[in-house]
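Given next, in structure tokens, is a single chain: the form predicted alone.
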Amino acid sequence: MTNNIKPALETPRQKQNRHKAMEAVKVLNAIKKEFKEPPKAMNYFYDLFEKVYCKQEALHTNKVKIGTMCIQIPSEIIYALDAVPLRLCNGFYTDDEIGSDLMPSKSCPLVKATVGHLASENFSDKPDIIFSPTTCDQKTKAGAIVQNFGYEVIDVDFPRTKESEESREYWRRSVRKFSSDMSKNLNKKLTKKNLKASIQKIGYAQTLYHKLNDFRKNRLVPILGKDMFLITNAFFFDKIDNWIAAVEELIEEVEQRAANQIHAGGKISPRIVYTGSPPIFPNYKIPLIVEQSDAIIVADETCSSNRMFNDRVSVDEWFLNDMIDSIADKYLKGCTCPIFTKNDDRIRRIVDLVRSYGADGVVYQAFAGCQVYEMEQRSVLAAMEKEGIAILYVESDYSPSQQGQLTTRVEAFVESLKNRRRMKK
């Protein structure tokens, strides 16, 4: 008799839970076991993702949970009102399949997976209310679909340009309204004291990220990109104080690894800057292929990682309205999302990362159906060619079926970068 027989009366939700847990376990096992020994402090993050995505354990039972559909919703204001932000962007193929029944088949898999997740209500922590910025068109329209599932979804108007004073003021008004809507929904007053404390705490978290990230500039890199993506993705949903404590511990260990000249890569592993559609757990398909191919991701320009921590809120006067406007400026000025009509900032940012981190090349991933990243790849590729920077453009979705083809392309690119390195010696 076998002990692996599935329950005869398994409900659809139980089946979804089981499939999602299997996805999560497979990726976590790859992250933990298919590379050189990671820092021991990474066990906090491995255990966290296992609790949330494999065991469906809730983290925020005593807090109001604010679902956010994009990075552009200010976490500082949410924390200041004693609620917790939960970024709803989703990386599960199981949820992508559910969302495919609710959205056009050619839609972005991230958006389909987010809609599928909300439709299934398969949460460890379920959002009480959702704020959706009008950034990309698909997420904007997805908000209307999500409302049909019984969620309250509030749009936060976002401009499509960022250079003009008009767009800056437009976004400031949106953030002021968001603050007001949050206060009304939570029946709490936003105070100067609480907002200042929230800005400072998130600012400290950003400082820790950059301190950890700086070690990746070393010739011998003490931590792999797959672990950095896990750390930044944890910021989507973890308790912020726990996240801060875990990163502080990790920095101490990584600092010692750097002093001991421990290298997470191989002798001639090419250094990669990763950009494009965001890697969101467990859809680490391309990052894992890159590092399994003996390259090392030393930096990224994505909204699921580096872009979240780029700029701190810069406050001139610690008055409530001034702080709210400063928060708005941080989220607009620092944003390099391709939804903007002009996006020279993003190209400059990628080039700067290549130079600062001594990268050998760039991997640009675009999700099939993510029109803005698909459209912008031409201008990015042209800019990299002009700068003499090798770049690989990869289009993928959440399906596991592309693995072989993608691996072949990535391995060929990595080998070409290795050959360049050999020729320079």
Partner chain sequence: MMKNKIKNIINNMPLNKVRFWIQLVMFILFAYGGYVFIDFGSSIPIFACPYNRETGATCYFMPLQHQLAMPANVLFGAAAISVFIGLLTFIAWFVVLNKAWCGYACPFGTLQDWITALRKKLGIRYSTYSQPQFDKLSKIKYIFLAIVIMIPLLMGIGVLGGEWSGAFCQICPARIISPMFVGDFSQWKIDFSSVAAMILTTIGVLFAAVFFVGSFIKKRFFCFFCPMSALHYTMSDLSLLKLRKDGDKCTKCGDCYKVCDMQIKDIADDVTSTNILRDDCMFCMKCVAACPEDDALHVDILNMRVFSSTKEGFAKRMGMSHLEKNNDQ
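Quick caveat, the model's predicted, so the values are computed rather than measured. Positions refer to the first chain, counted from 1.
In what follows, reference is made to the form predicted together with its partner chain, a form of this protein that is not presented.
Picking from 256 to 264, 105 to 113, 309 to 317, 283 to 291 the stretch near its partner chain in the predicted complex, with a 4.5 Å limit on heavy atoms, gives 309 to 317. When its partner chain is considered in the predicted complex, residue 97 lies well away from it, no heavy atom lying within 4.5 Å. Residue contact with its partner chain in the predicted complex: residue 126 places no heavy atom within 4.5 Å of it. Although the partner is absent from this view, residue 200 contacts its partner chain in the predicted complex, with a non-hydrogen atom inside 4.5 angstroms. When contacts are judged by a 4.5 Å heavy atom cut-off, residue 334 counts as touching its partner chain in the predicted complex.
Out of the listed residues 226, 139, 271, 330, 330 is the one that sits within 4.5 Å of its partner chain in the predicted complex by at least one heavy atom. Checked against its partner chain in the predicted complex, the residues 239, 192, 160, 173 give one hit for a heavy atom within 4.5 Å, which is 192. Although the partner is absent from the chain shown here, none of 215, 386 and 415 has a heavy atom within 4.5 Å of its partner chain in the predicted complex. Residues 326, 329, 330, 333, 334, 345, 348, 349, 352 of 326 to 352 are found to place at least one heavy atom within 4.5 Å of its partner chain in the predicted complex.
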